[in-house]
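Have a look below at one chain only, the form predicted alone, in C-alpha cells format.
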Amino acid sequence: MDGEGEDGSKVIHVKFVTKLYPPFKAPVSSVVIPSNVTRLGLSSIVNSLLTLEKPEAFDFLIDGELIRMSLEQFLLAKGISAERTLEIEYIRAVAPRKEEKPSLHDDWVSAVDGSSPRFILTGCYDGLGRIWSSPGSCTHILEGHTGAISSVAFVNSQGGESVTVATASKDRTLRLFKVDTAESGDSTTRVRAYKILRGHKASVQSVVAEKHGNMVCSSSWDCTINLWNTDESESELSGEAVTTFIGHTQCVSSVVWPEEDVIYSCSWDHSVRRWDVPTGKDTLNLYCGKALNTVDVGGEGSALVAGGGSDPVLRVWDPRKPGTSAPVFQFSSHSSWISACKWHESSWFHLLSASYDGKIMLWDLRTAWPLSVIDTHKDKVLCADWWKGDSVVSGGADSNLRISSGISIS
C-alpha cells in the first residue's frame, strides 16, 4: 500500500523476492520505500538488506517486466495498484564486471567465434585466423588465405586434443584446418589448411558449422548458399559443394544452422529466409525493408529470429505467429548500422548486438532499453559473440579482440 513519509513524499510497501542463492538472498519481509525510487535506489536498498563484502548491482522486475524508470512512473504506466504490498523480484544486473587486456591484431578483426569454452577463434583483414587460449595468448595462426577473412567457425571444439576450424574469405574460398591443441605451449604454431573449398564466384561472407555433424554451410556475395563436407577421408586438397541453395537476389550476408534440417539466412535483398536442408527449399521469407548484415536464432523454444543491418534497429521476429512478418520486438538504441547479433544459449530473454557506432549492447526482451552498453572499442565493432556463458568477445576496426567478462545471466 502507499502512504506518505515524514517529509510528505509518497511511500510504498514492498517485498523483495529472488531466485538467487545466498549470499544474494535477502530476508523476505515487507519494507517501506519512497515511491520515486529508481533502479539504482532499489539496488542500494537490497544491498543494505544483504551482508556483502562489496556492493552488487541488481535489476528488478514486477510481473515479469524489468523496471527502467522510477517505481512510481512504472506503476502508473502499467496500471498497477500500490494499495497492496508489491512483490519485486531482483536479479543480478547483466553487465560486465571486468574488461580483460585487449588482444591486438595486425588489421581489422572481422570475425569471432566463442562457441568453444577453451578457445576464442578470430578472423582478420590480414588474411589470418587466430586461436586464443586467453587474453593476449595466441596459440595458433591459420594461414593461406589471399584475402581478408570475413567469417570463422569451430566445426568441432568439444574435448579431444584437436579441433577443426573453418574460415571464409574475400578470396572466394573457405579453408578447413585441423589444429592440434596439445601443441599449444608458449610459442605460436602456424597451421596450413588440410582442405580448400572452392565454388563460390564472389567473396564468401559467412560460414557456420552443423551442430552435430561434419558439414559446414557458407554464404556469399554471389547470392548463393553452399553446403560442404569437412571429411578428411577425401584425398583431394580441394573440395566441392555438396549442394547449393538459390533464392536470394543480393549478397547473402549471414547464415546460421540451429537445427539439423534447418538453416536461416539473411541478405542485402532485405529478407530473412528459412531453408529445409534435405530439399533445399525456402520455407519462410521475412522482409524488413533494410539490407541485413546478421541473423541469429534463439530465445523461447529456440524459435525467435534476430536480425540487424543497414539501420540502427535490432529486430526480433517470431515465425510461429502466422500471417505476419512484422517484428515482435524492435530495439533502437544504436546510432549506426548493426554488424552482429547473438542470442545467449541458456536464456530465453538475453541477446547482444554490435554496431558500427563502436558499441555492443546487451538486451533483455523484457525491456526496451539496453541492460548494458560496452564501449571499449575505439572504432566500428565488426563482430561479437558470447564466450563461456558469462563473457562477450568482440572484434573491430581498432584491430583488437576485446573480452568483457563477469556477466551474470540469470
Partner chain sequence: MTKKKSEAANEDQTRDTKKKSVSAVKSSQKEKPVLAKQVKSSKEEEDLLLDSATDSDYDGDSLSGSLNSDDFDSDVFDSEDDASQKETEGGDKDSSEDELELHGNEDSDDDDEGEQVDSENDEEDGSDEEREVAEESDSSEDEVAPRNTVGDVPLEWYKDEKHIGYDITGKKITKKEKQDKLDSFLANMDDSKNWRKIYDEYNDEEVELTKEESKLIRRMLKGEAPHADFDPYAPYVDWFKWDDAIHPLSSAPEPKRRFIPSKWEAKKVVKYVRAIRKGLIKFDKPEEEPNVYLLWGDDSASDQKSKHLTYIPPPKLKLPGHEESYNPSLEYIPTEEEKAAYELMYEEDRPKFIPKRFTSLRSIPAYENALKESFDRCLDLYLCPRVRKKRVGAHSIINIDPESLKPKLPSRKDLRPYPNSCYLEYKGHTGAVTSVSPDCSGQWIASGSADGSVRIWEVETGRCLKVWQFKEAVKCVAWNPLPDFPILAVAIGQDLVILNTELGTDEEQQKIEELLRLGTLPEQDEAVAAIVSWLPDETYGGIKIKHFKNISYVDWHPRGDYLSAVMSAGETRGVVIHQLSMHKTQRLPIKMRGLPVCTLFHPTHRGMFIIATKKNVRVFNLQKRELAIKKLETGLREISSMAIHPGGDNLIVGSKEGKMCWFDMDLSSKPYKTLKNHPKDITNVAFHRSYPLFASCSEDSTAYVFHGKVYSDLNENPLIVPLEILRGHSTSSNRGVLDCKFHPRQPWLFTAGADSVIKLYCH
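Predicted, not measured: the structure shown is a model, and the values here were computed from it. Residue numbers count along the first chain shown, from 1.
Just so it is clear, the following notes concern the form predicted in complex with its partner chain, a form of the same protein that is not shown.
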Legend entry - Location of its partner chain contact in the predicted complex, chosen stretch of 272-280, 211-219, 68-76, 334-342 [non-hydrogen atom, 4.5 Å]: 334-342
Legend entry - Contact label in the predicted complex: Arg320 to its partner chain, heavy atom within 4.5 Å: no
Legend entry - its partner chain contact at Arg92 in the predicted complex, heavy atom, 4.5 Å: no
Legend entry - His105: touches its partner chain in the predicted complex, heavy atom cutoff 4.5 angstroms: no
Legend entry - Phe349 within 4.5 Å of its partner chain in the predicted complex, heavy atoms: no
Legend entry - Heavy atom within 4.5 Å of its partner chain in the predicted complex - residue from Pro312, Gly239, Pro258, Pro96: Pro312
Inset, instruction - Could you tell me which one of Ser265, Thr122, Thr230, Gln205 places a heavy atom within 4.5 Å of its partner chain in the predicted complex? - result: Gln205
Inset, instruction - Kindly confirm or deny that Gly136, Phe177 and Val191 each have some heavy atom within 4.5 angstroms of its partner chain in the predicted complex. - result: no
Legend entry - Contacts with its partner chain in the predicted complex, stretch 343-378 (heavy atom within 4.5 Å): Tyr356
